[in-house]
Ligand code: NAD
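Take a look at this one chain, the form predicted on its own, written out in structure tokens.
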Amino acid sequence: MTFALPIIPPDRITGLVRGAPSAGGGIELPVFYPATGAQVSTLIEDDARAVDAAVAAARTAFDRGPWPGLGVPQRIEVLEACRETILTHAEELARLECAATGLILRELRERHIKRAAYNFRFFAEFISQSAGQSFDQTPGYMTTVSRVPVGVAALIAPWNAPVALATMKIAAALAFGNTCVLKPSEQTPLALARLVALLQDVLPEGVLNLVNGRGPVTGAALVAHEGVDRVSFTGGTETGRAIMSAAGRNLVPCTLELGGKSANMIFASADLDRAVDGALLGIFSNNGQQCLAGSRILVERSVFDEVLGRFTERAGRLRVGDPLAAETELGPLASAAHRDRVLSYVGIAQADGGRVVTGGTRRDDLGAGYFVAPTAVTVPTNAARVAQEEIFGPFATFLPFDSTDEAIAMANDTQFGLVSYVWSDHLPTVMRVSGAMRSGVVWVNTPMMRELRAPFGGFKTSGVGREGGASCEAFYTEERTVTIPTTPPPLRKLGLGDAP
């Protein structure tokens, strides 16, 4: 079976510095359409010299350009113009995103691109309400505290939702007066390359620049660059460790949104219809490739068989196929290597005493694309590898629990701590469990809801720092304290002793 390409991408994708193609200097990397496995474009990798040019452009724009000193009303106008640009080109951006990621086009139109546009509106509204501080408690003095932009931000976007997640970083960094260098994943560069080109027509020269390439090459040069003042990364935990180590040598602060193995706890007191709906959305949305997936589904034993049966029956009926088709519910995984890695966990689960209850196979009937049947397994204990390691695919692991204490202990028994899900209509259970979770976000009776004013990030190895309104303001600005005497204070007089 073959599927149509969403759009004809450019033959070659290059970085963009000051609106012009970057120097590149690296190797050519293929870009594939996951639904067919066919190469659709070629990425020109940026080497250390090209990264240096991009950082230099951002530094010049920050040190000598108008953007950092622009008044808030003028900056809001530009952010709103960025939003309008995204909405004007929404269909093109959605199709380019689909061509590199294999994400369902309908979902890209309805959620990802609209969220990208809203990110700019959100931060435009946020900075319109920002205020400094003034202290006059000390007699004779007035002290003011203002926030100023930090400089050049290195922004590294993931491959699973490039436009939606990258624009959160771009909009935040720009809103507070910084300049940026963006590096997308080398697997999914198409939509972000076009987006940066569009936004460069709206922004002052050098404010937003793009470099492309692999993490160990382009990414490593970017995060270790002495001209970078902040690093924001979304991706895997091991890569996050390397980034924090490299940035730390220059004492550059980082925000890192990393992996997850989130517990989705379903209690007997839950509305089971909603809980099953939420569990399916929590693991199969975004083709199963999301760090906040509810991949460990913990179910109270008295309803375990019922929930498992309803989940697996529904999972088996999910419509897997063409990302362009209106009826598709699960598209391909992002790459052949990732598909094979996800499927390798079937054998790992069985080796740990687990049982496959649905899926666990390639969908070869759909052609040469990277399709996997939606998968669910049961395992005897939370120590099983499929209950501890992030699989990052349409792969759910089920475990029963007998008490609230056991559910809490199992949910927290992980190196990760990004999000948790609680399904119960019993308020004391909800309050007790949500208060005991070692995770940055707890969703109660809902699969996923992102409030951009609230901080988002993880405990433990799920990350460092937070994204969100005030959290981004704290990260992308420095506090400056100015103290002024309201009346001339008496000064100790030094150096008035007798001359020798």
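None of the values given here were measured: they were computed from a predicted structure. Just count from 1 along the sequence shown to find any residue number.
Keep in mind the form predicted together with ligand NAD is missing from the figure; the text below concerns it.
Comment: 384-392 is the region of 321-329, 384-392, 300-308, 128-136 lying near ligand NAD in the model of the complex, near meaning a non-hydrogen atom within 4.5 Å. Residue Ile156 is the only one of Ile156, Val342, Ala349, Val276 with a heavy atom lying within 4.5 Å of ligand NAD in the model of the complex. Residue in contact with ligand NAD in the model of the complex (any heavy atom within 4.5 Å), chosen from Thr239, Ser335, Ser285, Thr358: Thr239. Site residues Phe122, Leu174 and Val441 are none of them in contact with ligand NAD in the model of the complex, judged by any heavy atom within 4.5 Å. Within this chain, Asn160 lines the site of ligand NAD in the model of the complex, having a heavy atom no more than 4.5 Å away. At least one heavy atom of Gly260 is located within 4.5 Å of ligand NAD in the model of the complex. A residue is said to contact a partner when one of its heavy atoms sits within 4.5 Å of a partner heavy atom; Trp423 fails this definition for ligand NAD in the model of the complex, lying far away.
Contact annotation: Phe459 falls outside 4.5 Å of ligand NAD in the model of the complex, judged by heavy atom distances.
In the model of the complex, the residues of 172-187 lying within 4.5 Å of ligand NAD by at least one heavy atom are, in order, Lys183, Pro184, Ser185, Glu186.
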